[in-house]
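The structure tokens that follow cover one protein chain in two forms, given apart as structure 1 and structure 2.
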Structure 1
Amino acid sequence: MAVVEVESVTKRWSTGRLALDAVSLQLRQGEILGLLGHNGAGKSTLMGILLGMVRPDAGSVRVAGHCIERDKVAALGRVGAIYEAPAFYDYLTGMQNLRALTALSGWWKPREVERVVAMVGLSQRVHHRVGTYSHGMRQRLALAQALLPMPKCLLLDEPTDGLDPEGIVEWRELLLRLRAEHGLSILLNSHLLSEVAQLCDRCVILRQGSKVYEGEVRLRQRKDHAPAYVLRGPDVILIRQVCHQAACSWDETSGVVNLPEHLSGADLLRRLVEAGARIEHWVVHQASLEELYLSLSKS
């Protein structure tokens, strides 16, 4: 079941630049979907459209079955978001900021607010002025705001930007806990490939406004590709000779060896052993998200 459905969304700015070109994607129930792309690829534009802040020229967006164009209130009623840099009143406490911001919708339930504040780990500082908060604490306050009231999905725009490594790990654990305990669907716009690889179930890659990939983050070797393995051993010259004779390409730095279609991994390994090459590492090569992203960005 899809919580967010984007169908053929196109957006061209007044300058004539095409920001999005017939982009379609789905955010499924209970999944974390990564949104990747270079600067200017259209990620933030798409986030703005999903939040009803940017009007598309063509296409449609549905959230929880409601069309944003025709029924924005119902569509966004169960959506929480951190979009661009969150802004707060520095002279107010964290709790006062939450009350002021939720007042826009007329919603305020003290017990629910306290529960969410505890959930994001801000209970001890929520009654302190926001002007005294660190960047990480501001991000936690922004997440608390996005979770009030508890939405069906979260749209997060670079939530770990500016955080130190410890803060990034804490955010990752927090988002995974929110998904596990509350079934939240999360769309994560990020430029950190490592975080997307560790956190997300699937990802969408945008390039110059077009979607060039939508699929699993944990990549499998495609059936239509020639088999590849990771091969390492001390007898570099001998391994290189055997691979050359077998019409294989071997990258000595990464260890990745690509086989021609007529040759199996077992056949190459047999040839290496028969030639006397010592093999220290031999495993099926699993393409990384970084390799996929770089290959698509250069295509």
Structure 2
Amino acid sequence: MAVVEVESVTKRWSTGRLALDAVSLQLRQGEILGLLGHNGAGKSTLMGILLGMVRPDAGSVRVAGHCIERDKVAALGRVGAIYEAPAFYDYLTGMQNLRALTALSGWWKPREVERVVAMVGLSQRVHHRVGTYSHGMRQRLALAQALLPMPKCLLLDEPTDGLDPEGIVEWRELLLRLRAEHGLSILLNSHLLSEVAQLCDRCVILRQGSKVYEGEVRLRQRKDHAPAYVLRGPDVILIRQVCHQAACSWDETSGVVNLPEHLSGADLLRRLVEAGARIEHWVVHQASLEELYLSLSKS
């Protein structure tokens, strides 16, 4: 069952620039979906539309089964979110900020708040003014507000932006724990490929407002690509010759060899052995998310 359904959403800014072009996607129950794309690809615009901050020109968005434009209150009833850089009230304490924000949801349970504040590691400073917080602490407070009251779905717009490496690891562990313990569905907008690769089950890649990929993050051999293997051995010249004769491209540095359609991995391996090449490493190449992302960017 889809928690978030986006269908053919198009948005053109008043300047005439097309921000989103008939984008569709689904966030399924209990999954972590990554939203990738370069700066200006339309990721934050899409997040804004999902949260009712930006109005689409065409298409529909349903969150928790409710249309965000017609029934925003019901749609966001069990949704927690971080949208762009959260701007808290600097003159209020962290706790006062949480109180002011959760009041908008008509909710206030001090014990639950304290539990979530402890979970995000902010218990020591929650009664201090937000103006004195570091960037990392603001991000923790942002997560705390997103988790109050405990949502069923999290929409996170570059939540680890500006965090130190330890902070990013803590975030990752926390999100995975939340998914495991509460079955949260999470849509994660990020430009950190490693983060998406480690956290997400699937990802959507946007390019200039269009969706160019939707699928698994842990990529096996892609059907639309020629088969590839990782080949390494000490006889570099010989391997290069054989690959050349077989019309394969071999990258000596990465060891990746891309086969033409008419040639199988077994055929190439046989040719190499017959030529007397010593082979130390031969595995099916598993394309990384980075490779996929870059190949889509180039195309």
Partner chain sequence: MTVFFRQWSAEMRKLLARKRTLMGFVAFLLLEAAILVLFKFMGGEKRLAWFIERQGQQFGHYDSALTLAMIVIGLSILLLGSIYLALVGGDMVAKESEDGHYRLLLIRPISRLRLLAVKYLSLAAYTVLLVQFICWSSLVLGLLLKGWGGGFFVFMRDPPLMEFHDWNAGLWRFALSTLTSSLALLTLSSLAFFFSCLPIKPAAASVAALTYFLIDRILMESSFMENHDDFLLSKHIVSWAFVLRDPVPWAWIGRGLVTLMAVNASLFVLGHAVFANRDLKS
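All residue numbers here follow the sequence of structure 1, with the first residue given the number 1. Bear in mind the structure is a predicted one, so any value in this text is a computation, not a measurement. Rigid core (definition): largest C-alpha set, two forms, superposition within 1.5 Å.
Novice: Which of the two structures shown, 1 or 2, corresponds to the form predicted on its own?
Specialist: Here the form predicted on its own corresponds to structure 1.
Novice: Align both forms on the core first, then report whether residue 149 has a C-alpha shift of 2 Å or more between the two structures.
Specialist: Comparing the forms between the two structures, which are aligned on their rigid core, residue 149 does not shift its C-alpha by 2 Å or more.
Novice: Any CA movement of 2 Å or more for residue 188 between the two structures, core superposed?
Specialist: Not so; residue 188 is displaced by less than 2 Å.
Novice: Once both forms sit on the same rigid core, is the C-alpha displacement of residue 210 at or above 2 Å between the two structures?
Specialist: False for residue 210: its C-alpha shift is below 2 Å.
Novice: Quick one: CA shift at residue 130 between the two structures, core fit, Å?
Specialist: In the core superposition between the two structures, the C-alpha of residue 130 moves 2.9 Å.
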